[in-house]
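What follows is one chain in structure tokens, specifically the form predicted alone.
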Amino acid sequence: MSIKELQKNIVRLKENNDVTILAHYYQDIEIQEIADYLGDSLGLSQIANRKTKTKYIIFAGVLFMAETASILNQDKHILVPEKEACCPLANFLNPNIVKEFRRAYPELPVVTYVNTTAAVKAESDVCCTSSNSVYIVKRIKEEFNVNEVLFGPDNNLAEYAEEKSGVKIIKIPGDGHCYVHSHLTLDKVKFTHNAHPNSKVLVHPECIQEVRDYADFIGSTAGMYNYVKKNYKNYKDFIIGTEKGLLDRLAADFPNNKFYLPSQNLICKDMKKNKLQTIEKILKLLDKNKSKKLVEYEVKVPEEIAQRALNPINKMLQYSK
């Protein structure tokens, strides 16, 4: 069966079985093309909560994203094509590490990136995204009336938030990073920029500082997409300093522009574990009314953890209004 035939079959099965498909921008373009909604991690979870009316949601991303969707949608079935699709960044931090830092700094609030497990969120005071991290750090500092905050797990995002907010940040655990973004060097960015000197350089705040300092724009995945959407008529060329999936999406949506990847290693292996064939398999189980066999694909955060994890997420959303 060809990719196009497989996609058509997935769309047919999806429409017949009360299913919404969500896909992160870092997914292979073939998966993005059959999704009902595209976005970044938190945005997709909010879509699941506010816009989807279906009983079943297939979330093509990594595990922590599906957990966040489950936290926000306890009444829905969140299914993932691949439970082994984890986030190495999220795995740098666990609840015990958070508790250790709380004991060492009992007066300081804990800010955790949404790129964390549900269990870590449950131990936090507030969550943040890459796009609102600076604002969240400022707000939680004011609420707690302190000069420092605990922040994890991404070191580069912590440095970015500290630089832009002026708030002192203690990193937890201290060595957390995204292997996709943190490996991108200034030399690679400059090499690509020299080859395409009229390009605008867009990078993710999970990149190292010297790369961020060189960029024309620093933003989340959705932020970079929106920057191109706003400026595609003004600039022809863009260098995209994030996972390759976003470049594929931009190239499809803005065919008259040119997009360049500064490194061929900007690929998240876990994101790419999700496959069209597995999505079709899940849909076939639903189509044959074999929902009991879906347990191996379902992500369900226990209610007790979900309720505790919901508090820091809600605080973030409250701050962001």
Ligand code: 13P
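Bear in mind the structure is a predicted one, so any value in this text is a computation, not a measurement. Numbers for residues come from their place in the sequence shown, where the first is 1.
What comes next is about the form predicted in complex with the named molecule, which is not displayed.
J.: So which of 193, 181, 249, 139 gets a non-hydrogen atom within 4.5 Å of the named molecule in the predicted bound form?
T.: Checked against the cut-off, the match is 181.
J.: Please tell me whether the candidate spot formed by 45, 67 and 116 is one where all three residues come within 4.5 Å of the named molecule in the predicted bound form (heavy atoms).
T.: Not a single residue of the candidate spot has a heavy atom within 4.5 Å of the named molecule in the predicted bound form.
J.: Just one stretch in 185-193, 167-175, 96-104, 199-207 has heavy atoms within 4.5 Å of the named molecule in the predicted bound form, so which one is it?
T.: Heavy atoms within 4.5 Å of the named molecule in the predicted bound form occur in 199-207.
J.: Would you please decide whether residue 124 lies within 4.5 angstroms of the named molecule in the predicted bound form, comparing each non-hydrogen atom pair?
T.: Residue-level check for residue 124: no, no contact with the named molecule.
J.: Can you tell me whether residue 220 touches the named molecule? I mean in the predicted bound form, with a 4.5 angstroms heavy atom cut-off.
T.: Yes.
J.: With the partner left out here, check for me: in the predicted bound form, does some heavy atom of residue 133 sit within 4.5 Å of the named molecule?
T.: Outside the cut-off, so no.
J.: Would residue 59 count as a contact of the named molecule in the predicted bound form, using a 4.5 angstroms cut-off between non-hydrogen atoms?
T.: No, no contact at 4.5 Å.
J.: Pick out the residues of 40-55 whose heavy atoms come within 4.5 Å of the named molecule in the predicted bound form.
T.: Heavy-atom contacts to the named molecule in the predicted bound form: 40, 41.
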